[in-house]
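The chain that follows stands alone, in the form predicted alone, written as structure tokens.
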């Protein structure tokens, strides 16, 4: 049954094969769901109303597949996407699962491992381009250390830079037109991952040979694991023109990577995020990198996927209501927000000659408590 919170293609909601196909294994328990074939995952996403499907190379093509097996799998997957009206907006590479990457991929000490990681990534880029993806995400899940005795961290950064530069040249050489999005995480599966935050990657991008090609793919859970405000990371990336992709899920701060259904743990934080994306006009995919609870069968996985999208749409509607609320907007206007100024000799002299009532400014109430409660009223449906 259709309602105001039914997803539409223009919402650009996507899921990974690894999300709806997650089998519920965790460090203390084995799988609880049967393997879901890629074509079946695509059919499920079509059924729940998603727009896109994303994938690691080995989500679709086994790491030891022959060329003929690869071609057959890709053809079947492409047909399934066409049949169910699903697009592939983003592709990525798995450089964390196979034991060969136990010491990292691009930052590994063994040059042969680093070379294999580049080869594997180029082939993953070939796959993504063949499927129509325009965004290529790199998450360095093993690019880290348990002991800094293994390598100097500045050498790891140099190796990472060398790899990203190489892959940008490959995309240019092949005319793929990829926007490369780097994904940060503080820890897990390594004790410490070298690029721990979105801000760290924004600094790193400026050192690359083709910074215009490279942005970030911030993930809710990854910033919140470190107790950080995810909205602020997203806003910094947006302001820098580097928000190429985004991973939506939820997380209790300070825990392991939980990948909860979007908005299920921190609804107010999710609201501010949705409001920001909608207010600034973000046009990229809204990708849900999350997993259904281990308690669920595949009907429950459908409930999970529908819930991610429905929560986003509810919060989008609430953001519109917040923006249209007369009292909220009146309070905002009273906070005295002013336009930015630029340095000129005239403005300098005016500013130096100005007199400010410091004591009076310090005594002025800002009504942020009222603003926050009005926000809660909007979110809780009583306003």
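All values derive from a computational prediction rather than experimental measurement. Positions refer to the first chain, counted from 1.
Beyond the structure shown, there is the form predicted in complex with a small molecule, which is absent from this document and is the topic of what follows.
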Next item on the list: Please name which of the stretches 204-212, 92-100, 158-166, 261-269 has residues with heavy atoms lying within 4.5 Å of the small molecule in the predicted bound form.
Entry: 92-100
Margin query: Please identify the residue among 178, 139, 312, 194 with any heavy atom within 4.5 Å of the small molecule in the predicted bound form.
Written below: 139
Note to self: Give me the residue from 76, 257, 303, 126 that has a heavy atom within 4.5 Å of the small molecule in the predicted bound form.
What the structure shows: 257
Check: Wondering, does residue 183 line up within 4.5 Å of the small molecule in the predicted bound form on heavy atoms?
Finding: yes
Next item on the list: May I ask you to state whether residue 143 is within 4.5 Å of the small molecule in the predicted bound form, using heavy atom distances?
Entry: no
Next item on the list: Consider residue 56 of the chain shown here, and say whether it contacts the small molecule in the predicted bound form, taking contact as heavy atoms within 4.5 Å.
Entry: yes
